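As structure tokens, one chain now follows by itself in the form predicted alone.
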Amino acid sequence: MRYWIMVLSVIDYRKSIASLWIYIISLTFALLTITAEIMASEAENSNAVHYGAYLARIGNCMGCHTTKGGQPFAGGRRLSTSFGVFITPNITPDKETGIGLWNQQDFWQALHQGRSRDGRLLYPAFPYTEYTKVARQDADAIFAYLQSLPPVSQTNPSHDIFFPYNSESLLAVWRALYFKEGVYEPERSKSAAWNRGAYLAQGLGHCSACHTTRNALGASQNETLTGGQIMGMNWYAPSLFSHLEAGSGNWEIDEIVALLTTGITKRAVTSGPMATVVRQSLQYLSQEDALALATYLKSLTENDTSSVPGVHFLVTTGSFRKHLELGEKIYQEYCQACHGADGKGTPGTYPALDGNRGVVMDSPLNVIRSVLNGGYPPTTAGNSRPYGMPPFQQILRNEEVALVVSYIRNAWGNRASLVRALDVDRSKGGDD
């Protein structure tokens, strides 16, 4: 009897040891599983943050949500429009003054529906009219990136919007008339690259925010990129559909990519607001996305039948010739050293003026602004030391600017309308 009791005791002991080992193995396996899940979640979040940072660059979020000399994404930038002054908000994860209390759904609601966290309607100075096309997973990635930023406590002023545009009821009517909610839908007849380019241009890139004519209420006349004056800025965003302006249908894809990512090619240089977009945003496009965007932009002018620049023919009266002779003298003194007597410039350094579409567009606004304010092409990885143009508004009177711009628009093979001193004076208003 005692023998069997001892045997049973040994068996129970061994069972206990076995159970203990089973428990330890199970616990170890569970801990490893949990650790793997945590590591996978952290890796997934890290990937989302990294991709969100890239998308935020493409959308140029920091360009609007950072004031000059201010903390990144802390807002405070003033956007002057004909409807009043809009102040960009703080989108750092500060819980008191930023979006630290927001969740993914709140952020998606803002981008996709144009509503704040509390349901308040947002003004379309925030381009939700374009951001509504952004896919949910991309919106979540951008939000993950913004939440990873250091919080900045910064309270910004309220908007200063003129009556009656400060009425939320009027804003609701505007939305009913002009806002169409919806994520981008690919066109099945187009390639994957074309659709990716269209998605970037129409959504995060919000190209139509500038390159579209707007009506009296600030709404895009249509979704086509047919050009228009940029709201709040005295710059004209040229048509991307016309060979006469900025259409690129007869360009090679690589040349379009170069202009988007470096800001300069042998026959074109970005300037003004577009130079800023290239510097802050487009130069960071991946090679794949740059090719996709170039593919889409090139396709826009496939059906354009516009004539080449030089369709304007002006009667060369005595007064007209005198006007150009005076302009030529100014050109020789201030412009010829860089742009050449023949207007050919130096490819990749000083842009050609002969045959330059930006010079002979119907709107002379951009060339006037360039003479007045000067400027540099964007500083990019592919063009780290750009050659710049000095401003001449402190040297030349309005009449002289009008004369030299008129000459440039009609010298060599160029043909375009004359510019008046009044045009120059008007171009100075609303400087950004």
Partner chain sequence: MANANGNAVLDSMDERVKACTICHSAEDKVGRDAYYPRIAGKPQGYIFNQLRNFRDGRRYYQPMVILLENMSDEYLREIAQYFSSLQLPYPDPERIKMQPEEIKLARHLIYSGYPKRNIPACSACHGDILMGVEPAIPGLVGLSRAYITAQLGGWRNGGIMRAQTSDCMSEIAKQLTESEVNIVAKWLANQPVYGKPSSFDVLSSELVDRCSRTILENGGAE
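Positions refer to the first chain, counted from 1. The shown structure was predicted, so the numbers you read here are calculated from the model rather than taken from an experiment.
From this point on, the text means the form predicted together with the partner chain, which you will not see here.
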So in the predicted complex, is the partner chain close enough to residue 272 to count as touching (4.5 Å, heavy atoms)? yes
Indicate whether residue 252 is a 4.5 Å heavy atom neighbour of the partner chain in the predicted complex. no
Give a yes/no on whether residue 62 approaches the partner chain to within 4.5 Å in the predicted complex, heavy atoms considered. no
Consider residue 52 of the chain shown here, and say whether it contacts the partner chain in the predicted complex, taking contact as heavy atoms within 4.5 Å. no
Among the candidate stretches 129 to 137, 67 to 75, 202 to 210, 145 to 153, which one is within 4.5 Å of the partner chain in the predicted complex when only heavy atoms are counted? 67 to 75
The partner chain isn't shown here, but in the predicted complex which of 389, 58, 48, 365 has a heavy atom within 4.5 Å of it? 389
Counting non-hydrogen atoms within 4.5 angstroms of the partner chain in the predicted complex, say which of 167, 349, 286, 103 makes the cut. 349
Which residues in 391 to 405 have a heavy atom within 4.5 Å of the partner chain in the predicted complex? 391, 392, 393, 394, 395, 396, 397
